[in-house]
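Coming up is one lone chain in structure tokens, specifically the form predicted alone.
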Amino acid sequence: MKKVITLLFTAIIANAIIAQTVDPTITVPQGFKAAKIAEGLGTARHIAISPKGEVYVKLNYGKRSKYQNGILNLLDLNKDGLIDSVNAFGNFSGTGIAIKNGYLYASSDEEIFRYKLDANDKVINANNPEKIITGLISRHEHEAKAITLDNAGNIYVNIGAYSNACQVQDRQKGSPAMKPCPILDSAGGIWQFKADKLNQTYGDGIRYATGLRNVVGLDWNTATNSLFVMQHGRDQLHDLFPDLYDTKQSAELPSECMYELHKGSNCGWPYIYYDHLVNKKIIAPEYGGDGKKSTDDYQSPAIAFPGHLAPNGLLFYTGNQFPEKYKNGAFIAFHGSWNRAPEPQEGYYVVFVPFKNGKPTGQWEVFAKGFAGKDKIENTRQADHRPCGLAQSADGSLFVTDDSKGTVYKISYNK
């Protein structure tokens, strides 16, 4: 009897913990629950979870946080499902973080580092990481170096274009475009480097794909053995070309695009943009377009979304916890728009894209919403939380970071 009572008491406590941590402000599909497991971390960008459950988060502005460092190891010491201790290390800011083959990889805006992990997936020498890539361009526009790794010893790095549309004077009405765009020599694409070679520079890497204005969300799809990325589309079509675009068109366009990349892929920035409303690649107005002229040149997206939603996280789900429909599909964290006025700002949610035979089915759905805390957002500062990074834990749960208030969410499914 005593054993039964003890088990019953334990179950009651466990249920109480679950009830306390479920966040009712986040709406998820039936059978799922979303819980806050950490708050107040700072600018929590991308997140990585080791096979043994160690959670690492990259802070964009580590020095400005209470931790004074850019990488956080989140700990649940009493195993109640909540983070109750944080180890901070890494004296550099940035966005990218990933775990592969016993190493933790993390990026600043100019360099990529790696830390050796021990048998428990803990960082061995937090004060002395290996520098594997250095000298990457950072000119304070689209400077975040998002990263992912394949299964063949390569690391892929986004090097965003330090420009909106490759004008001589960036974002200035009437300024001509540079033809050809010189930025593409060292930015505006994805570079491939070796994951285990120290002190690599551009000369050691391969420009794997080009014509990508800026990529923050990227992931290696193990089902297709290929790289997928989410591009941030250009801004200010109406501001720069009011005779060609009205404000509604400028709010919806250009599309935010998912691309499947292979060596040599060219997605067309700055010469074209994608219009999901007509399913065409449109010649950019800086390069002779009128909002209607289309071209068959350059790679088409795998799927496209409305403009300016800011896709910051991409994750292919490989776990077994969620229902079968989610297997090998893609989750995308949309950070939220700032420039859709006078239309309402959009995004601030996580969507799911089903895949079949390695390709998107063409349909997508909002999977988790409510992060912004308000139905109508006119300015990004009004949003309570902004989804940024995604990670999958060993048990198949989905983790979501927020770089506004430094919250980490765990979304799980009750079978």
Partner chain sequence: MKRIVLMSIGFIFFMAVIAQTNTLKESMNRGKKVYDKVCLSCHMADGGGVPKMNPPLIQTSYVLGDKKKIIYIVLHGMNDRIPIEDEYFSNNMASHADLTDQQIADVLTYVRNSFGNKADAVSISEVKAVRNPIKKK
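Everything numeric here is computed off the predicted structure, so don't read it as measured data. Numbering follows the first chain given and starts at 1.
The following text describes the form predicted together with the partner chain, which does not appear among the structures shown.
Should the three residues 138, 143 and 381 be counted as contacting the partner chain in the predicted bound form, with contact defined as a heavy atom within 4.5 Å for each?
Heavy-atom distance to the partner chain in the predicted bound form: all three under 4.5 Å.
Counting non-hydrogen atoms within 4.5 angstroms of the partner chain in the predicted bound form, say which of 126, 341, 277, 177 makes the cut.
By the 4.5 Å criterion, the partner-contacting residue is 341.
Which residue, 170, 76, 204, 130, has a heavy atom that falls within 4.5 Å of the partner chain in the predicted bound form?
Checked against the cut-off, the match is 170.
Just one of 111-119, 178-186, 79-87, 331-339 has residues with a heavy atom within 4.5 Å of the partner chain in the predicted bound form, so point it out.
Only one stretch passes the 4.5 Å heavy-atom test: 331-339.
Using a 4.5 angstroms cut-off on non-hydrogen atoms, would residue 69 count as touching the partner chain in the predicted bound form?
Answer no; every heavy atom of residue 69 is more than 4.5 Å from the partner chain in the predicted bound form.
Answer yes if any heavy atom of residue 60 is within 4.5 Å of a heavy atom of the partner chain in the predicted bound form; otherwise answer no.
Contact check for residue 60: yes, within 4.5 Å of the partner chain in the predicted bound form.
If you check in the predicted bound form, is residue 200 within 4.5 Å of the partner chain, heavy atoms only?
Heavy-atom contact with the partner chain at 4.5 Å: absent for residue 200.
Determine whether any heavy atom of residue 226 comes within 4.5 Å of a heavy atom of the partner chain in the predicted bound form, and answer yes or no.
No.
Does any residue in 26-59 get within 4.5 Å of the partner chain in the predicted bound form, counting heavy atoms only, and if so which ones?
Sequence-ordered list has one entry, 43.
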